[in-house]
Every structure is written in C-alpha cells, then in structure tokens.
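Two forms, one chain: they're shown below as structure tokens, one block per form, named structure 1 and structure 2.
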Structure 1
C-alpha cells in the first residue's frame, strides 16, 4: 500500500479559527479532519500523517514554515502529497501552493490540491501543482476531496493521464505530443476546423493560446510634494454602522467615506467588517489597515501635497475577480473626477 500525507490549515486541522491563524506547523500521525475523508476515498494509498499550519504563520513566516515542514518529512516514507482543498480562501490557497511546490522540488513526489477558480493560488501555482477545479466553500468538501483522491490513485497506479480539461485540473501550460485514436492527419483536421469557422459553427482549436489580462504600469509621479494621494483598501474599514452594507465576504459593494477633517481614524467610529482575519487589532486601531495617521504626517512634512478627502473601502476575501474589476472601475471614475494623482492600495 502506497503512503500519502495531507496538509491542512488551522481551521480544517481542527486547531481553531482566525484566533489560531498564527499556529506554527505540526505533524500528526494518522488522519485529522479532511484527511479521514481523503483516506476513505483513496484505493491505492493510505494517509499516514496530517500536517497543520496556520494561514498567517505560512504567509508571514514562509521560510521558517517551509523549513519546519520539510524537516518533518525528511524521515517519512510517502509516495504522494495532498494539500487542501482550499476552496476560495486566498491565504489557504497560497499556503497549499507554497508547500506543494516545495515538497515536489525536494522529494520528487506528485502533489495535488483543489481550489476554486477565483482563488489567487490557482494563477500562482497551477504550473507547478495539479490543482483541481473545486467549489467555493467547504460545502463542496466531500466532492473536492473525492476528485483529489481519484486522481491521486491514477497517478500512483501509473495509468495514462488525460488532458487537463478532461481530468478536471487547471491547465499547467505543459504540451505533450499525443497520437489520436482516429489517426486523422492534421491537414484534414485543420481544414475541418476552417470550414466550421467559415460556417459560423462551433469548433475547438488544438492549440489554445492563453489570454493574459495585463494591466499597464502607470507612469511614476514626478513630484510627490504636489500630489493628491487617495487611500483605497480591501480590508473592510468602514464607519461602525457600515452604512453601505458592504458584505463581510464575497463583496459586491464598496463605500466612500469623508476623512477631510480627520487626523486619524478613531476606534469606536470605524471598524473592519472583513471576515477573513481576526478583527481585534483593526477594531482597536483602524489605522493599521488604513494608515491615515501616517499619511497626515507625510502631508504636514510636505512629502505629499494632500490626502484626498475621501477613502474607499470594500472587502477582498471571497470576492470574485469580476466583481472586483467592476468595483475598481467604479472607484477609479470617482478618483479621476477628483483629480487624484496617486492611490495607496491597502490590504490585510
């Protein structure tokens, strides 16, 4: 029987929620949480160990986390490594990608994960890791774990792998020469595609070209001392009554708030409604997310001409790329109308 190891974050590893996001890596013999479901679905392997690490710890102490986890694995026998599923959780997706890539490079074993298409970990690591197209929340846990297990069994058994779209993982940009069962030559296939295209019929190219959504780099501000600088944040800083009813996750709304007469953001007047991190520090001092205090100091020192009269706020966690793009477009129209020269985009 082959051996597998699964990586989980603090929540799915049953350590705790955001209050335990700084949890340092541990390795446990046996199966914890989703590892039990993974083990149940694996036919060619047994999950022998579960590794758990807090999302914040991996994000803030990546080098230390990787060193610790790789040392855990030094004397372990394993044939495949799993991580997640990470659903739409960005920090978790990043952690799964980081550890999978490191394990693959050091131990030369296959690595498998699962993420929702909107998880930033997909774009960051799909070239290095088999990342399956998963659900947006833990409601899809059983389905996503089953898909990971089935593909893991296929890898371990040495069966022929199908193209990414047929297997269900995100394309990795790796091209292979394959022989079609139809044995139809390329000259005939390309003519058939051309005829379909000319007739307005549906056809599928054999050489898809990836589309890159490139954003041109803005020119530098020539003189900051004459610049009007605005603060925009995805950390969910809002007045305590959240007047625009911005959602705590998967946001579709944003807000614009007057700070023209404020030197700092006062606790009790502003708070965070972000559901993706422990709000205690931001509620105690909203300036740790939206640094109005520092910007006012720069304004007085003449480093910038002025802080724009309003700040703009929404929530990043779980927010789809389409909604983020729409909100960004709407906010930028307000910034252009106000003759803002530059934006400091603050996150968590």
Structure 2
C-alpha cells in the first residue's frame, strides 16, 4: 500500500474557525476530518498523516510555515501529497498552492488539490499543481474529495493520463499531441471550424492563444562611454570546430568565445551552425550576425568603454521557449559577474 499525506487548514482540521486562523502548523498521525473521506476513497494508498495549519499563519508567515511543514515531512515516507479541497476560500487556496508547490519541488511527488474556479489560488498555482475544478463550498466536500482520490489512484497506478479537460483539472499550460478517438482528420476539422466561424456559430480553437510574455524593462545606461557592452546571438556563430557541440536545431547548449584580441570575426575562423537558414552569407562574413567589427569602431571612438571579452552564442531554430529562457538566464549570470552593463542581442 502506498502512502498519502493531506494538508488542511484550521477549520477543516477541526481546530477552530477564524479565531484560530493563526494556528501554527502541526502534523498528526492518522486521519482528521476530510482525511477520513480521502482515505475511504483512495484504493492505492493510505492517508498516514494529516497536516493542519491556520490560513493566516500561512498567509503572514509563509517562510516559517513552509520550513516547519517541510521539516515534518523530511523523515516521512509518502508517495503522493494532497491539499484541500479549498472550495472558494482564497487564503486556503493560496495555502494549498504554496505547500503543494514546495512539496513537489522538495520531494518530487505528485501534488493534488481542488478549488473553485474563482479561487485566486487557481490562477496562481495551476501550472505547478493538479488543481481539480471543485465546488464553491463545503457542501461539495464528498464529491471533490472523491475526484482528488480517483486521480491520485490513477497517478499512483501509473496509468496513462488524459488531457486536463477530460481528467477535470485546470490545464497547466502543458501541451502534448494526442490522437483523436474520433479519428477525424484535420482536413475535416478545419473546414468545419471555418463553416462555424462563417455562420457565427460557436467553435473551439485547438490552439488557444496564450497571453504574451512581458519582461520588466531594464533601467537605461546613464553613460554609454563608460559602459561594457557584450554581444550575444542566436544565429549559431561559433569557432569552426564548434567546440561546445551546440546543436544546429533545437539547441540546449550555448557557448562563450574569447574575442578580446580580435578586431573582426574572420571567416574561416568562425561560422554559423544554424540549420534554419542558408548559412552562406554568415559563413562568408560572420560579422553580419555578430557585429564585432563595428563594435570595435565604436570602442575606438569612445562611444562605449569596451566590448566584453567574450561573445555568447546559441541556435534559435526549433529551440523551445523554455530552453531559450534557461540559456538566457545562464548567460545573464555570466554577464552580471563580468560587470557587463548592456547587451546587443542579435537574433536570426
């Protein structure tokens, strides 16, 4: 039998109401309140412990609460972690999300919760936690707990999971290909969707447009003539032997290359390994992607203080946004350490 642990707030943990919302976390052996219901419904696991924490305690002492609870769990064996259901209770929803996310990161076990669609915890944590679409109040306790238990059983049994809509949890922003049971080919789906759109009928896109990323604007450089400027590119400019074996497509690696003694990037010494475009122009003159030659000119003129000793390179074609973001973060750590003030980032 596998083992499960459930997180509850002070109310469902039977400590008390709003007056007990400052209750510090405790861990109890066995099942309290909804934990009994969960245990009854779980087929593949037993609920061994119930953790209880006041909503306000978690809200105002999050760090301490997390530390305490993670310590509770340190020496416990468990295969899955549940929290809630939190219904429409905002602070409880937040607490369930916070603790589930931390438990998943630290112990790498699946985490499952349930909340009403209007609970702010849904937006905040649906990417990190399986949050099931639950009722707005405790009247739905049995139903919501049952759903969590059934999904927990499925996770523990290693059965293939269905898409979020079919399982009933809020989509986590993870998209995978699936074969349609109807076997309806795209040629029919696309014409049907067009006819519906033309007739003003409701249709469902297969690719809902996600909100675009926003990045905080970096503060401007006050005095460019004192600035250290680095060159970064996604055009795959590397020394001809590609020492870091950066992939020509779907890259997961990046490289940094010393240019401190160079006036320009020489053809024959550098080339592009980018598979997404005709490399002829950049192989003949790598400066068309990595403009070292004009940067040296600006350095001589005194427009900038210096060109950073290294340039940084990866390949942008087929490279996923997640990998690109990770590489960007890694590169920016190097740049910060080297006191780089600004970056010219050339993308192809």
Partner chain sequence: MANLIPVAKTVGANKIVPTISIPYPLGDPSTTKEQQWKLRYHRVGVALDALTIDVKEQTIFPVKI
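Under this definition, the rigid core comprises the largest set of C-alpha atoms superposing within 1.5 Å between the forms. Positions refer to the first chain, counted from 1. It should be emphasised that the depicted structure is a prediction, and the values quoted were computed from it without experimental measurement.
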item	value
Of the two forms shown alone, the one predicted together with the partner chain	2
Yes/no, residue 241 Cα shift of 2 Å or more between the two structures with rigid core fixed	yes
Core-superposed comparison between the two structures, residue 136 Cα displacement 2 Å or beyond	no
C-alpha of residue 117 moved at least 2 Å between the two structures on rigid core	no
Core-aligned Cα shift of residue 185 between the two structures, given in Å	5.4
